[in-house]
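Encoded as structure tokens, the following chain is the form predicted on its own, with no partner shown.
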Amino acid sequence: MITKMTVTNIHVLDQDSAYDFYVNKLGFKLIDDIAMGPDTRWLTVSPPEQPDLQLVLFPVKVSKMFPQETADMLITLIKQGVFGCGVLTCTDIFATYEELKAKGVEFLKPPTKEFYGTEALFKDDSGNYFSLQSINNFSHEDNI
């Protein structure tokens, strides 16, 4: 039986820029940075309190995996902000919002009260967007 997810991809336009964004702006921890050829690497990061989840900062460019047409389509969609990559949680959404904003993170929506809790939306340096919520927004008992 499957017990948990340990590695997943976030498609990025530039690995160096993505490294800077995720490590220096969001405060994620670098797990692996391994060369995989002349201009690609296995680059993984994790949220600071979730070291068992690795996010691969996976470059979208013409390759065996992405023929020209596919790469072009993905790049266009990423730049348009079509892909929501997930929900990130914090203990104080208002303080985290101010801290990330001061670091240059672009927010699409400031902390806003929603029926499920308070949420802010931001995008990474490639254009992928994330929901930021306080951990107290999530109560498993509410879902039973």
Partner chain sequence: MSNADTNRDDREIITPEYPRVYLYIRIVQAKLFIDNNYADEIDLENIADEAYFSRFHFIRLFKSAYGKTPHQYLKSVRIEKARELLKEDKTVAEACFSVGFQSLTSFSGLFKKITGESPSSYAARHKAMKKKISEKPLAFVPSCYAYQHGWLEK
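Keep in mind that this is a model prediction, so the values were computed, not measured. Residue numbers count along the first chain shown, from 1.
Keep in mind that the form predicted in complex with the partner chain is missing from the display, and what follows is about it.
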property	result
4.5 Å heavy atom contact, W42 and the partner chain in the model of the complex	yes
K109: touches the partner chain in the model of the complex, heavy atom cutoff 4.5 angstroms	no
Close approach of F94 to the partner chain in the model of the complex, 4.5 Å, heavy atom	yes
Contact test in the model of the complex: I78 vs the partner chain, heavy atoms, 4.5 Å	no
Those residues of 22-39 which, in the model of the complex, come within 4.5 Å of the partner chain by heavy atom	K29, L30, D32, I34, A35, M36
